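Quick setup: one chain, the form predicted on its own, written in structure tokens, and binding and motion questions come after.
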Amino acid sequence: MPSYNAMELMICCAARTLEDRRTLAVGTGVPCAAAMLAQRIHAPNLTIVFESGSVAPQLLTMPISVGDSRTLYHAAMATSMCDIMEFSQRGLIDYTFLGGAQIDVYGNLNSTQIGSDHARPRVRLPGSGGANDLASFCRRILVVTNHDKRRFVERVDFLTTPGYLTGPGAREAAGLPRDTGPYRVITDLAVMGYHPQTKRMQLLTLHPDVTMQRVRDHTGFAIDAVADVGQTPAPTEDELRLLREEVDPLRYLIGR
């Protein structure tokens, strides 16, 4: 079995979640690497859009920002952020990768502040950007993050980006479209999904050499598991070759 690091495993896991002939809104970093890898492995017709306005570019090399000219190479359209957000509102975006400083049991994200006092938070964070818009309307929300108790909390200090809000039916009650919401959380320890009825986060697979107790020790809320928790498949030789030689040859991400 080829050797790999935690970042390589997370990118491979993220790439595997993406289906062919779907639309994906991404930023740079891990989401972009996962999209590029998916296109090279099993989803050649995955349509990538960047919030800066690029639609369906050919990503030959890793862009370093959403405004990088490489996000426009052979793109089908070079438009605006307003149009990308409109695509989302019209239900044209299937997947989006989002992140934040905190995520709670229902997949709500906080990228605004740490601490409950909005006027005087312990830490002021950059805010939503387009995350709230995308999470409100995209079909499936994906999160890739490190796994620790500071991030995985029972309740976020500030609700920046909606997950399943307070539980079953809450998104719909807030006026958000049906059949949208959090889908997968991929960390350096495991892959999580959400219970179809309770909408609470639940463990799907453990990464190699990771125990259920270790996941619980690094999670700030009681996390359930599916009945048949499996082991996350390790990256294949082909996945690692493409990731190292074509997607991230300068090791911007996998060198961390």
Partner chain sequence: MIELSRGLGELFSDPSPDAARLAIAEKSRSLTDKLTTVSDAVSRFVRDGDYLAIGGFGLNRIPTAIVHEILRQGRQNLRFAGHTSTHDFQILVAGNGMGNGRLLAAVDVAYIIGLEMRGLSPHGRRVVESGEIALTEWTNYTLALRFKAAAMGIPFLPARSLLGTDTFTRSAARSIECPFTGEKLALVPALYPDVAAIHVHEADRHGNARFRGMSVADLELARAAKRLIITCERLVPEEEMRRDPTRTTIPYFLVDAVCEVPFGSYPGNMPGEYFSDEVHIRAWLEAENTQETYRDWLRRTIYGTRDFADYLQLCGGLPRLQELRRQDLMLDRGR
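Numbering follows the first chain given and starts at 1. Fair warning: this is a prediction, and the values are worked out from it, not measured in the lab.
Keep in mind that the form predicted in complex with its partner chain is not shown, yet the notes after this line are about it.
- At a distance threshold of 4.5 angstroms between non-hydrogen atoms, V144 is out of contact with its partner chain in the model of the complex.
- Taking the partner from elsewhere, D104 is found to have every heavy atom lying beyond 4.5 Å of its partner chain in the model of the complex.
- Contact check for L60: a non-hydrogen atom falls within 4.5 Å of its partner chain in the model of the complex.
- Although the partner is absent from this view, D148 stays clear of its partner chain in the model of the complex, with no non-hydrogen atom inside 4.5 angstroms.
- Residues from 172 to 186 that approach its partner chain in the model of the complex with a non-hydrogen atom closer than or equal to 4.5 Å are A173, A174, G175, L176, P177, R178, D179, T180, in the order they occur in the chain.
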